[in-house]
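Read the single chain below, which is given as structure tokens and is the form predicted alone.
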């Protein structure tokens, strides 16, 4: 292991990690928005929009991110639409992550017992009030583990961004291996970089899951019986 090589190129990995984190943040934030929107469309049960949302979810979940990126980066220019590497990366992450977030939140909504809604209606609450004050808090609480797992999954998926000429961690690693044949050192720095990014998120996710289990659903009022 060439420590001098690692020391010399660590700043390059730090810069690449910053780019990876920035794109991941944009993509995850957008994925949350798309996921919640799709879940609300299904909840409203508007036939056409519901079918479109389901088509999007199936298309997104059943195609690899790499293929989606190729379509954005190499396919769209044939139609006269040219996107930068970073825009393609963020768009691809949103497209992929939105479906997983939607299914996670939808599972949380479906997990709220029907008796909760009926109890709210019997107390004079409207459907809108019931959904936002009773259903959504419980759905979010039960979906926290899924959201956390999806966040980690999406960050790991950023490793394919080098396919669209984005200078992320994987791109830098392959570049250094090709130039200097320092495979062990380059891969070591790649692994350490992802550990530094993902380990704190994993620990925070575990903490949040424990907090949710400890808190339970008592804050919703109807659920706790108060």
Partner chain sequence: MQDSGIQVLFQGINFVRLLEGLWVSLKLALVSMAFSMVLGFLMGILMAGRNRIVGFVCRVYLEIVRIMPQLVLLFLVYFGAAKHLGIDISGELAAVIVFSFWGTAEMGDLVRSALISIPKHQYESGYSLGLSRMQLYRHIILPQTFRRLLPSAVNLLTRMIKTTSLAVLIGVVEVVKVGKQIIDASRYENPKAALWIYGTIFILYFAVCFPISKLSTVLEKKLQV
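This is a predicted model, so every value here is computed, not measured. Positions refer to the first chain, counted from 1.
Keep in mind that the form predicted in complex with the partner chain is not shown, yet the notes after this line are about it.
If you check the partner chain in the predicted complex, you find a heavy atom from every one of 100, 159 and 170 within 4.5 Å. In the predicted complex, residue 10 stays away from the partner chain, with no heavy atom inside 4.5 Å. Among residues of the shown chain, residue 29 is not one whose heavy atoms approach the partner chain to within 4.5 Å in the predicted complex. Interface membership of residue 50, defined by any non-hydrogen atom within 4.5 Å of the partner chain in the predicted complex, is ruled out. Heavy atoms of residue 199 reach within 4.5 Å of the partner chain in the predicted complex, making it an interface residue. Distance criterion of 4.5 Å from any heavy atom to the partner chain in the predicted complex singles out 195 from the list 44, 165, 195, 179. Looking at 182-197, the residues that come within 4.5 Å of the partner chain in the predicted complex, counting any heavy atom, are 183, 184, 187, 190, 191, 194, 195.
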